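The chain below stands alone, shown as structure tokens; this is the form predicted on its own.
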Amino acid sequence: MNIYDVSRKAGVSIATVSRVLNGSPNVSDRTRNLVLEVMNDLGYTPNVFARGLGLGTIYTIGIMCSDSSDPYLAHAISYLERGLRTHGYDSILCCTGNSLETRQKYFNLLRSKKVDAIILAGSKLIEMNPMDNQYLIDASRELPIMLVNGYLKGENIYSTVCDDRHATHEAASRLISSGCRDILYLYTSYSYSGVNKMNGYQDALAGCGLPVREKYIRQCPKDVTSARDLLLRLDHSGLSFDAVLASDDALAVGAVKYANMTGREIPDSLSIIGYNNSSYALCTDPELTSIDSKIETLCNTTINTLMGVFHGSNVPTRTTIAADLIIRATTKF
């Protein structure tokens, strides 16, 4: 027996049941009595959502990420843990790698610890095959699932995402306006965020009347050396490119190293834009123009949304945060 059963029988939303459990004044007496009567009929004992009643909570949130050594995810974990502490919550972190089986194993481990909610940091934790996400949808019947820059539709699943598509569209459009025509796009993964970034790049080309050429879209492991070596191979193969737009700063640093090895002037001969505005962007010479995906804002918004869920507030299931283009020395803007 769970909150979904109460919601269905009472004919009200899960949020309304949660507000009743928390004693929220934003519920009519008629609805409150109806929900309480249904709970009594079903023998439902509230747990995770019974914040106001002080029942069944250990004030602990599960956090999952694929790789805590990734600078983007490392910052996300730091911001999430800090935000949870300010609200009196502890956290349990699980780093899952990229295996779906391992991810499900750790997810079930967190559920066995009776955590109050689970936060998934990074879009890689959402599979492109919808069936592979069913375990998340099933679990959301019992506890809130929070996604940081990932999206999955579900009644008790809440997403906070960066507008990656608009961000790469703006970056590519700025490159085109500065005179670039052969823009190489480097990406690391085919995920929710990754697809949006690539679509933004393609939208910008099409919007400016330029062809979308598959040979200018290349996947690359997320490390500096791999990106450098890929560009060297493309150069030796005769592919001409006057700009690199990367889905991660590490790939953009690889482009800087490629330019230094081949004697190409930055930005006169080669313009470069990274993504995430990480510490990498300030460690290159010249410093990288990069898209700031607002990871701190994403994490803080996720925490605020979760607290709203716990208190029975009306919160959006999806919140979109705009990115900023931070202009430095690798572009001619």
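Model, not experiment: these values are computed from the prediction. Residue positions are given as counts along the sequence shown, with the first one as 1.
Although it is not shown, the form predicted in complex with another copy of the chain is what the next lines describe.
Taking non-hydrogen atoms only, residue 277 never approaches another copy of the chain to within 4.5 angstroms in the model of the complex.
In the model of the complex, another copy of the chain lies within 4.5 Å of some heavy atom of residue 225. When contacts are judged by a 4.5 Å heavy atom cut-off, residue 97 counts as touching another copy of the chain in the model of the complex. Under a 4.5 angstroms non-hydrogen atom cutoff, another copy of the chain in the model of the complex has residue 81 among its neighbouring residues. Between 135-143, 170-178, 73-81, 192-200, the stretch whose residues reach within 4.5 angstroms of another copy of the chain in the model of the complex through a non-hydrogen atom is 73-81. When you look in the model of the complex, the only residue of 113, 233, 215, 153 with a non-hydrogen atom within 4.5 Å of another copy of the chain is 113. For the residues 285, 37, 29, 265, the 4.5 Å heavy atom test against another copy of the chain in the model of the complex is passed only by 285. Residues 90, 91, 92, 93, 94, 95, 97, 106, 109 are the ones in 90-109 with at least one heavy atom within 4.5 Å of another copy of the chain in the model of the complex, listed in sequence order.
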